[in-house]
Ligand code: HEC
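What follows is a single chain, given as structure tokens, in the form predicted alone.
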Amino acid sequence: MKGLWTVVFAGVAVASGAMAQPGDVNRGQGDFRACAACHSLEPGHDMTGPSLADLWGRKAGGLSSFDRYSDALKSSGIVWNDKTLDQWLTDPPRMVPDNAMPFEGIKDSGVRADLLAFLKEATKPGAAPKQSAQMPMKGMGGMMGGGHDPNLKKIEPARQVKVITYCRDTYRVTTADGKVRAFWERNLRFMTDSSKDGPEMDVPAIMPAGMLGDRAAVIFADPDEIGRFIQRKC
């Protein structure tokens, strides 16, 4: 009987060791590209979701620069560490019901381990994010796909908006190079970027969106500019 228990314990130890194997940082870097559409690794660079810089040890919903946390996450009392992040990546809606993150989780424990191994390195204080990790997934579409957005204070005349007119269901955008582009009203979005990389006041930027070349986003420095720029003119 003693020999049997020795075999059982040895089997459990081997299985536990297999489950506890550390993830692969390089594979995790590739997995992170799916996250880069919404999350930056750069301190102070919030996107659709908060920056992940300095993530370990941070209270969930506690990044002061990010204003879009759900009440559920802010009141959860969670502190991010190896265990809580693995639970979150497994099933966010179950861990924090009514949280606002549109993500159903990663059921493959190996993929989670790889992703966490990469994030633990890439989010350390002073870590320089690798450019390839910040690239959006293929097909996400340039400016709209996350990653490191361009500095809109340094764009070429073809991206600098001078006039926007609206007639029936069409917007016409005139840029500083003298060209005019027409957009169906559902294909032109109006946004703001008040960050250091946002456009200068009264010099909004037009950036491509989508994959067919028929959509764009006009990005302003301040919400008050939007109404002033759009002229009803047929």
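In this text, residue numbers run from 1 along the sequence as written. Model, not experiment: these values are computed from the prediction.
Omitted from view is the form predicted in complex with ligand HEC, to which the following refers.
Stretch-level contact analysis of 49-57, 164-172, 195-203, 177-185 against ligand HEC in the model of the complex, using heavy atoms and a 4.5 Å limit, identifies 49-57. Proximity to ligand HEC in the model of the complex holds for all of 89, 115 and 119, with the criterion being a heavy atom within 4.5 Å. Ligand HEC in the model of the complex is approached by residue 101, whose closest heavy atom lies within 4.5 angstroms of it. In the model of the complex, ligand HEC lies within 4.5 Å of some heavy atom of residue 61. Heavy atoms of residue 73 reach within 4.5 Å of ligand HEC in the model of the complex, making it an interface residue. Put simply, residue 152 is far from ligand HEC in the model of the complex: not one heavy atom of it is within 4.5 Å.
Of all the residues from 26-44, those having a non-hydrogen atom no more than 4.5 Å from ligand HEC in the model of the complex are 34, 35, 38, 39.
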